[in-house]
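In structure tokens, one chain follows: the form predicted on its own.
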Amino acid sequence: MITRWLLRRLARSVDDRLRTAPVVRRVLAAVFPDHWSFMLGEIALYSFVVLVLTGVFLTLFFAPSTADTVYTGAYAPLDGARTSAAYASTVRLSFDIRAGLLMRQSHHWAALLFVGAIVLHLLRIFFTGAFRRPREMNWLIGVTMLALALFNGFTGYSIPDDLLSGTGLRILYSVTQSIPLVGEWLVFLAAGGEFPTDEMVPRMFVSHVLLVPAVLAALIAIHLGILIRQKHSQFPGPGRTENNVVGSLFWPSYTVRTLALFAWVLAVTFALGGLAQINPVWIYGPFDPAQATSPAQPDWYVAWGDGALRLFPAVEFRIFGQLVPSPFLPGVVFGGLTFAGLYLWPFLDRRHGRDRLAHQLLDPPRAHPARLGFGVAVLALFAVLLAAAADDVIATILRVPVLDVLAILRVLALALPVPAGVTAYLVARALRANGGRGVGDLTRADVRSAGRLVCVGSPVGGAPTGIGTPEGTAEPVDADRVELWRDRTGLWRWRYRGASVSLTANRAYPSRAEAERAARTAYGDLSVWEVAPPGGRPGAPAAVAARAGRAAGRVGGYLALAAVAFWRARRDRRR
């Protein structure tokens, strides 16, 4: 009773001065959807909290200096060895400080989980269209947080000054140095001189424990503030519209669930820190510029960049007399294009789809086969790059020459993305044409039907797309549906079409999304087809594109059939 009375007095005192009651009521009354995929962002948040808690402990014992010192401690193989102060303090943290190794390894595992949760959260947003208006700003903030997480993870990985991280730091130094004209200045400003310098570890330490975490904390606060202001997006379902949110109230049901998730994140990271060894710097030894360790690979979140450096051919060229070294294309251009594509994607998607409407409802991934296929193709490429970062490890395990592994991975980097993307595209088309059925329920006829790519352009809504037959559809009309098309003026029109009647709307719309929304308002949840303009026949360019589409469909059809068969076999084994 006394505690409750004190809390009430404290709350009233704060509210009298800051007027916080309206804000608190609004937050407590917020509604959050119940779908499990929305918890990925919370896993990233709680991993960041674990990083801060364990990082504070590590900061108390870590010495951010490259000054020579003599290690004296419990680890006998290094006792009496001359190392840098940073490396000696890291080994001392692992063997001489109570709970030091637990905190070190938990911190490292939390970093991996933090970046992994951000990536999965980003993929969920990408494949469901949650980046569309009005959430473009939150997408940009999320991409920025991913870039900062990669950078901060790399600096934290590098400051122990061990042999493995020092080799990776030398690679990053060379990649930055390869930038024409400004590369030398950038590395001088960042490192304080020619590699290795005495300034690198202290500067990375300040960035790792102060600058980047402060920016991340601010971005997380802004991210959550925008989320509360705009309300949460949600998947389509009963009672869910573009103007409401269906789910659990923040207090008390959602609060209990999210606190349970926080407890799980704590339990998992500390269990991994106590039971699974990671980054054993005492085995690698202190950094020596004249040495390198092999086989070795970096943490997964930066491994794709290392894989690109290993796979790209050693191409050097000159621009206006300036030599552009070979690390520039895979290290700077490829990485820059990756993040430029992430930053620009919402605006490219809006421009391509001419969709300027605000969206509260998300798209099931199958509703946009083109987006799904493109995303899967890019993921396939990055999967090959991740494998390439461990080409020496793979060669050691398989006992084959590393150059043979490298040659196979180069072929896969060129040959795998397109078939993977086409397969995902065909499976998505087949799923979309068959309503709510799952991958394991698809038949060969479904996939073959989806392989008849006779349309030019991207699909709509959540239904089949067909252009090219005299009737304007890929298949005979066997049910009521809504058909959309773009007229010669660039405006979108729609009509209701049944077995014996066709009713065309009088109004034209500037975007496909507006036309589809008007049609759904009039006729409910009928399937939506994109068709050729009535009375129009595809010209020569469209015919060429149709033939190319059919060829791509035949190539990817077999892969899609194999993917479906594999999925069904897995389902049968589970039963």
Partner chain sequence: MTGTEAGPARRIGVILAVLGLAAGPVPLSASAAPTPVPPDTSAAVPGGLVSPATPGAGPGSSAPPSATDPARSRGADLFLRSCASCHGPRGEGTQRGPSLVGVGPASVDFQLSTGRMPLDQEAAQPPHRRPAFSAADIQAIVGHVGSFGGGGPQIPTVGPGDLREGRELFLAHCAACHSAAGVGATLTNGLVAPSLDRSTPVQVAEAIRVGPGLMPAFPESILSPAQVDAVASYVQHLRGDRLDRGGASLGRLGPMTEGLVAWVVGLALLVGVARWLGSRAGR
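Keep in mind that what you see is a predicted model, and the values were worked out from it rather than measured. Numbering follows the first chain given and starts at 1.
What follows is about the form predicted in complex with the partner chain, which we do not show.
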| item | value |
| --- | --- |
| The partner chain in the model of the complex: contacting segment from 113-121, 222-230, 333-341, 187-195, heavy atom within 4.5 Å | 113-121 |
| 4.5 Å heavy atom contact, Glu136 to the partner chain in the model of the complex | no |
| Arg488, heavy atom within 4.5 angstroms of the partner chain in the model of the complex | no |
| Ile159: touches the partner chain in the model of the complex, heavy atom cutoff 4.5 angstroms | no |
| Interface membership of Ser174, the partner chain in the model of the complex, 4.5 Å heavy atom rule | no |
| Heavy atom of each of Ile43, Asn279 and Ser294 within 4.5 Å of the partner chain in the model of the complex | yes |
| Proximity to the partner chain in the model of the complex, single hit among Ser106, Thr155, Ser94, Thr128 (heavy atom within 4.5 Å) | Ser94 |
| Residue among Ala85, Leu361, Val402, Leu309 with a heavy atom within 4.5 Å of the partner chain in the model of the complex | Val402 |
| Residues within stretch 66-80 having a non-hydrogen atom within 4.5 Å of the partner chain in the model of the complex | Ala74, Tyr75, Ala76, Pro77, Leu78, Asp79, Gly80 |
